[in-house]
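Before any questions on how it binds or moves, here is one chain, the form predicted on its own, in structure tokens.
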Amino acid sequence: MSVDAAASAVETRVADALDAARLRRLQALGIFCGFTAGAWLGAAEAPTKLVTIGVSPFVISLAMVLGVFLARWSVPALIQGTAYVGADLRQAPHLVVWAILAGCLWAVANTLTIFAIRDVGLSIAFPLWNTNSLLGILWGFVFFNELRDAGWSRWLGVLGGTLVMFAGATLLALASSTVATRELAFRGVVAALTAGVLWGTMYIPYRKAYLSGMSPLSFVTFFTIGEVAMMGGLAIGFTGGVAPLWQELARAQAVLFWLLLGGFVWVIGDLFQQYAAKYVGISRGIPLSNTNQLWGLLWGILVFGELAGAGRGTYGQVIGGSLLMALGAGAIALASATGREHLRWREAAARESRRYGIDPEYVAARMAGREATTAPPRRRWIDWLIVAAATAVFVVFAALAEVPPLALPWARVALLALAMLALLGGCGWTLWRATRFS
């Protein structure tokens, strides 16, 4: 089949499978996934506050990555089964390399966020690294035809939202100098912004995966290989070797469960973020998931007492900056893709299909949120073994855990947790009904 014929085949099949009503439904689903991702990604950073009680940033990041590893294999095994993951891998084996690369970028960025939290606090660091939205918009336009033929109103929403986000980030950067020493404020701001750059670049593999048809649940299993390898190397290198790292982990034994749990929570949020990127693109899905800045603000101020004793001006800057960034992200996300723009998405999918020799039928079905075959995913004994092993690890570390020496208002913690669970249940059910997690 010629290049033009392959492109035409993908575009025709997607058009047949994705009528206007289906497109609207998937875009609404993507928006819902983005908001749910924000809640869970925001909560996942809460355990990193342990850096303030003397736990090494590298131990925190490594333990979180180990929790991520357990979740990235057990959750897909439970929902779809490893046979489903293997089928996806056979269709698009090239995406393993992209997933590992994305995992490496994530590990470095996550470590930088811990330094940022230590130096300028959770409520300030969050919005700064969420400038990754800006790179997501850029890469979506340059590489994947997002916002092409979108119309002036969509462009106005995206560009206007971008400017508002810049204003919010600037306001928060100024506020940071009032809650930390000048040296710590500068270092924390640089760490947060660098994390944003790395995460913004990480979204390129995301979009390649979903234009190629791979399920998010399949993609994340290979993503974690890069995370563990990179984070393990960083932890060993910066702590002085395997023995010193082991000693650090042993000293932190009582809090490792909370860090593993933070990694697990992060994976839940990341999965919803992946579905948002799939169904509304990275130029819209990433800003939506970056509403985690508001959840970070809630956790930072309501639970951890950040900004306690600060003046009204500082509160005004932090809250105002966060709201500005959230409004900007909302404006970007609500500039939904039109039929003409989605046609350009199909062209990008056709390009991926012909470049890597992927079955056009498979790509078309997955872009429409459907399966290429009617056979349901089947779980085997190995899937239940993976789930049981991951559960056992969490149970063992839970038995060793101690409540961290932080004075926490548990009623507020419970309220935030209930809100997260409500979003998880509602969005998970909607995603299953609409796509069967395709």
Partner chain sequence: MKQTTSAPRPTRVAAMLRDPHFWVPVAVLVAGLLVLGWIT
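Positions refer to the first chain, counted from 1. Keep in mind the model is a prediction, meaning the values are calculated, not measured. Think of the rigid core as the biggest set of C-alphas that the two forms share within 1.5 Å after superposition.
Beyond what is shown, the protein has a form predicted in complex with the partner chain; the following relates to that form.
When the partner chain is considered in the model of the complex, only one residue from 318, 112, 120, 349 comes within 4.5 Å through any heavy atom, namely 112. Of the candidates 197, 343, 310, 167, 197 is the one whose heavy atoms come within 4.5 Å of the partner chain in the model of the complex; the others do not. The closest non-hydrogen atom of residue 240 lies beyond 4.5 Å of the partner chain in the model of the complex. Put simply, residue 108 is close to the partner chain in the model of the complex: some heavy atom of it is within 4.5 Å. The partner chain is not shown here, and in the model of the complex it never comes within 4.5 Å of any heavy atom of residue 257. Interface membership of residue 368, defined by any non-hydrogen atom within 4.5 Å of the partner chain in the model of the complex, is ruled out. The stretch among 215-223, 328-336, 243-251, 112-120 whose residues place heavy atoms within 4.5 Å of the partner chain in the model of the complex is 112-120.
The partner is not shown here, but in the model of the complex the stretch 216-236 reaches within 4.5 angstroms of the partner chain through a heavy atom at 230, 234. The rigid-core alignment places the CA of residue 193 2 Å or more apart between this form and the one not shown.
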